[in-house]
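A single chain comes next, written as structure tokens; it is the form predicted alone.
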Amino acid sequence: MLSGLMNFLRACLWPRSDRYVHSNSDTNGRQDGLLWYKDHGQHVNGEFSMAVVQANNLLEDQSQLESGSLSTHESGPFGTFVGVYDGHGGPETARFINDHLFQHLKRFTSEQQSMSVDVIRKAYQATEEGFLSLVTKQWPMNPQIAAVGSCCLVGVICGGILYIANLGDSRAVLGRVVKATGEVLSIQLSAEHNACIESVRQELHSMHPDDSQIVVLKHNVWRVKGLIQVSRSIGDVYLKKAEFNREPLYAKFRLREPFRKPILSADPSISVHQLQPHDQFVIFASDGLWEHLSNQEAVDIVQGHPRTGSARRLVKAALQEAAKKREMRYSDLKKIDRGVRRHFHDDITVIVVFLDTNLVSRASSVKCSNISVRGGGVSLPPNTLAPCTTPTEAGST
């Protein structure tokens, strides 16, 4: 009881970057300055590694790996769930997804007694609706929460099938061996929703034919309504429901013209892949990684080294690129504190999931123990109080 109280007080009183202190065992991962990593773990279908490096004052990336039962029933199905949630405008939406999306998925899997595209779509929808009701409740005290949102990338491995669902610009990339040559090719599995992509701009124009300002080129970057780069997300309620696009929301988020239909969407792009024996691994990462590494560069780094520590190796390669772009040494970049660090790179989350052919192909009904890991090593029981925030931190943008 006393240790629980001490942990609660610590969580509220300690600076955020130091809040989760890890021992040298890799059970929950380890902390090295702003970098958290778990170099090796086992999931139902193989091995995995995770790494997160913080750049913002408050970490806006959240992530999780859940392996074992994908349903609330003990009878299954069983498999592995991976989630990368890249928040913007604040950490609240990404944290909310981390607490709720997988629980919704398990509920809908139980109802349908199997994994499917429909189950994943419903889990996204329920998470979006849950966050909307939170915004509605908090609006009178904390209106800025209407401008907080998150990208949402999910992978589900179940019964030899890999489902990839995405909102925003995080990315899942498969490493596949070419039998004849032995080289490993990168195959992007996720569709991205960023206004810098021409097809996304065309989609927005076709959905809003009367709005010539639906995408605006601002400081050489395409943005939806001149405000945000992603066209799909969880949250960002201020661009989905007109009643939240008004005072007392900060003026920079308010549109001159009221809108009649949602500008952003929470409907994920979902693809289904039958896994093959030559599919080696999948890299799930927020756009902070892809800003500095190409798909093939990332796959080559994973393939060219031992499995242990793959995610940390990718983060380090991205940070070395970020340092090089600023003509500085990696060792000097590492000394820069959170907040200021955001001028050099974004929060970066990477989860590398290795696929063991024998484990992937076995039936999804094979029972196994549950594994649950969160990026940053945060393990809060579901439905507990959110981590304490000071009034200035809540809803900061």
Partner chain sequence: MISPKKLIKIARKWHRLAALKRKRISLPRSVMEADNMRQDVSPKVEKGHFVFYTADQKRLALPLSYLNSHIFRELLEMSEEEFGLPSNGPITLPCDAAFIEYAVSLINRRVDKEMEKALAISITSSSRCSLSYYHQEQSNQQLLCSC
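Numbering follows the first chain given and starts at 1. Note that the coordinates shown come from a computational prediction; the quantities given were computed from them, not determined experimentally.
Another form exists, predicted together with its partner chain; not displayed. Remarks below refer to it.
Tell me, please, which stretch of 59-67, 42-50, 368-376, 341-349 lies within 4.5 angstroms of its partner chain in the predicted bound form when heavy atoms are compared?
Looking at the other structure, the answer is 341-349.
When you measure heavy atoms, are E291, M328 and I336 every one within 4.5 angstroms of its partner chain in the predicted bound form?
Judged in the predicted bound form, E291, M328 and I336 all sit within 4.5 Å of its partner chain.
Contact with its partner chain in the predicted bound form for K324, defined as at least one heavy atom pair within 4.5 Å: yes or no?
Residue-level check for K324: yes, a contact with its partner chain.
Answer for K137 alone: is it within 4.5 Å of its partner chain in the predicted bound form, judged on heavy atom distances?
Contact with its partner chain, no.
With the partner left out of view, is H219 within 4.5 angstroms of its partner chain in the predicted bound form by any non-hydrogen atom?
Judged by the heavy-atom cut-off of 4.5 Å, H219 is in contact with its partner chain in the predicted bound form.
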